[in-house]
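Heads up, the chain below is alone and in the form predicted on its own; it's given as structure tokens.
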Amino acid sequence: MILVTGATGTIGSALLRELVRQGESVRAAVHIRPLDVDGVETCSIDYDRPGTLPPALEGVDTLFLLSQEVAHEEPMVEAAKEAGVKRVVYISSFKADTDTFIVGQLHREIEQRIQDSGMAWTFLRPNYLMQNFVTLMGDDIRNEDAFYDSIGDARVSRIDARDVSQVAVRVLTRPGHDYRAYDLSGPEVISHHQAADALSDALGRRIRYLELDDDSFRRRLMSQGVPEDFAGFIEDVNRRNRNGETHDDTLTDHVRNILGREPTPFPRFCRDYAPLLGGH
């Protein structure tokens, strides 16, 4: 039995559908949003109520661990160890083992807890998701034909969440991936100006990237409901990208090696998601 956390998210939902298609025995752990998928057993968990975790882990051999808040992952690791889970596949962050920034360090702490638990492990460390252009910037693209950021002209690698999900399926269902960490990138590094050009081609209208200064961008995020501390984190990451202080321009071959094909290029992503962004 595989327990999938983050089952209603961008990566988890695609992973869940593919595991069901392949006939795997799978259980989905949900917290806020309901889930109704044929062939999937569901359970409700609340990371702030540790007593909800052991029932979700009953009979589970493998845990797919993904949470929007790193703080939630520590109690799940401890609960999995106590429940006798044999293996953990963990969605971490890009280059977490060498990252000096707080988010990378927090993910690395969870990685180390998993390594110390005695359970077998695989760490998947994706870079920026292409789907952020839909989930975070989609409203602006649909309504204003523009998106806003403070990353400047920095070029970073972006990966399609569908590729991350497919890598996770392979890791979960095929041998040979225990005790390995995979940094996952797309096939190229691109700037926001290049992203705007690709979106324009796919949507059939001009999409602009509008660069903001750090303070204006942080305030814009907060006006859209982003918590102040997380808005500050995004601001700091953008500043580090502009200054060349991150690993985000690094390309890896793990997607190619695991899936036997090239990662999805950004223009293909734009064409596939054009209907969600007001394309024809």
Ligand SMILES: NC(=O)c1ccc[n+]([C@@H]2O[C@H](COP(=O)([O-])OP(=O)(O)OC[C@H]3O[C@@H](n4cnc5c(N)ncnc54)[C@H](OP(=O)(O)O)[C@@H]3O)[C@@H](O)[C@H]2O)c1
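Residue numbers here begin at 1 and follow the sequence given. Every value quoted in this text rests on a predicted model; they were computed, and no experiment measured them.
What comes next is about the form predicted in complex with the named molecule, which does not appear here.
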query	finding
Answer option from 183, 73, 160, 149, heavy atom within 4.5 Å of the named molecule in the model of the complex	73
Selected contact from 253, 48, 61, 213, since only one has a non-hydrogen atom within 4.5 angstroms of the named molecule in the model of the complex	48
4.5 Å heavy atom contact, residue 224 to the named molecule in the model of the complex	no
Distance check, residue 238 to the named molecule in the model of the complex, heavy atom within 4.5 Å	no
Residue 91: touches the named molecule in the model of the complex, heavy atom cutoff 4.5 angstroms	yes
Partner proximity in the model of the complex: residue 66 to the named molecule, non-hydrogen atom cutoff 4.5 Å	yes
Location of the named molecule contact in the model of the complex, chosen stretch of 141-149, 169-177, 202-210, 121-129 [non-hydrogen atom, 4.5 Å]	121-129
Residues in 10-28 with any heavy atom within 4.5 Å of the named molecule in the model of the complex	10, 11, 12
